[in-house]
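Consider the single chain below, provided in structure tokens and representing the form predicted on its own.
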């Protein structure tokens, strides 16, 4: 039997502008890791001095990176692709080299390419071609969501990287970690997508909460989602809330600064905050309100990254909260921009 490889390779993706931080996390987790940028400040190739299974376990475990948004294992690598060579041919090489799939397996095909690269066919066409061939060969069922396995391919100007993995091993089961939500008619703001993504990423069930406190709520993007989930919401912000929310019987609006309100101890089981303040000022405003969150309650807080030291910013802020809040995870979500979302629990 062929011995398992003691090395592994992955395609990793971060939010645009945060690739260097993501690479730094990889090197901290895996001393000796080699990173090569593939798409400008967003996608990079990772070579690790550790076997694939061990690498996945470390990156998806308690030490999951903050800035690595998505992983694609590399089980097949075709280099030295010549100019003009058909993408369909290189893809067929990968399909023939990868193991056969269990008959009837549900497979998500996630095909991506280097920024600005022109292939001989559109990715949608290549995806359909691969699905047809694998259906004929292995009887696979091509699906977009809730798959058994993911087949990933990434083209550069001279290489193709392909791999097969379980969805939970990719950090995100969306292609490149680019999770998409349907914009709704009359949606108050796109900020709602951040909280929707946090709900999925942190495996929360907002329907299970009863009383929510939204600090820095205006114009009400996050408040609207909490109301949709059936909560009674107290929204605090000196700014105006969206007119569609004003007469909701489940909503109490306090047009005040966060520093000018107080609530009974344990009044809420969920606290959310998406204020555009510096991390230090945000923590200063939240600290006096944390007694209103019941023991075991959840806090979802966005942390603005303003000074180019994101790891220190997360560490300093979690230390500020440490007496009352335990940091469960910090993650830069796809819908975050220059910020990180914190998931905390009340001690």
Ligand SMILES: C[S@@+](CC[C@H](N)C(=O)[O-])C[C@H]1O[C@@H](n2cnc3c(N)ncnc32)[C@H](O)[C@@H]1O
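Keep in mind that this is a model prediction, so the values were computed, not measured. Numbering follows the first chain given and starts at 1.
Although it is not shown, the form predicted together with the ligand is what the next lines describe.
K.L.:
Heavy atoms within 4.5 Å of the ligand in the model of the complex: which of the stretches 142-150, 237-245, 198-206, 158-166 has them?
P.N.:
Answer to the contact question: 237-245.
K.L.:
Select from the listed residues 74, 271, 108, 258 the one whose heavy atoms reach within 4.5 Å of the ligand in the model of the complex.
P.N.:
By the 4.5 Å criterion, the partner-contacting residue is 258.
K.L.:
Pick from 101, 181, 277, 263: which has a non-hydrogen atom within 4.5 Å of the ligand in the model of the complex?
P.N.:
Checking each option against the ligand in the model of the complex, the one that comes within 4.5 Å is 277.
K.L.:
Report whether the minimum heavy atom distance between residue 217 and the ligand in the model of the complex is within 4.5 Å.
P.N.:
Output for residue 217 is yes: heavy atoms within 4.5 Å of the ligand.
K.L.:
With the partner left out here, check for me: in the model of the complex, does some heavy atom of residue 177 sit within 4.5 Å of the ligand?
P.N.:
No, residue 177 stays farther than 4.5 Å from the ligand in the model of the complex.
K.L.:
Considering only heavy atoms, tell me if residue 285 and the ligand come within 4.5 Å of each other in the model of the complex.
P.N.:
Answer yes; at least one heavy atom of residue 285 falls within 4.5 Å of the ligand in the model of the complex.
K.L.:
Is residue 114 near the ligand? Define near as a heavy atom within 4.5 Å, in the model of the complex.
P.N.:
Close contact is absent here: in the model of the complex, residue 114 is far from the ligand, nothing within 4.5 Å, heavy atoms only.
K.L.:
Determine the residues of 184-216 with a heavy atom within 4.5 Å of the ligand in the model of the complex and present them in sequence order; the list may be empty.
P.N.:
Heavy-atom contacts to the ligand in the model of the complex: 189, 191, 192, 216.
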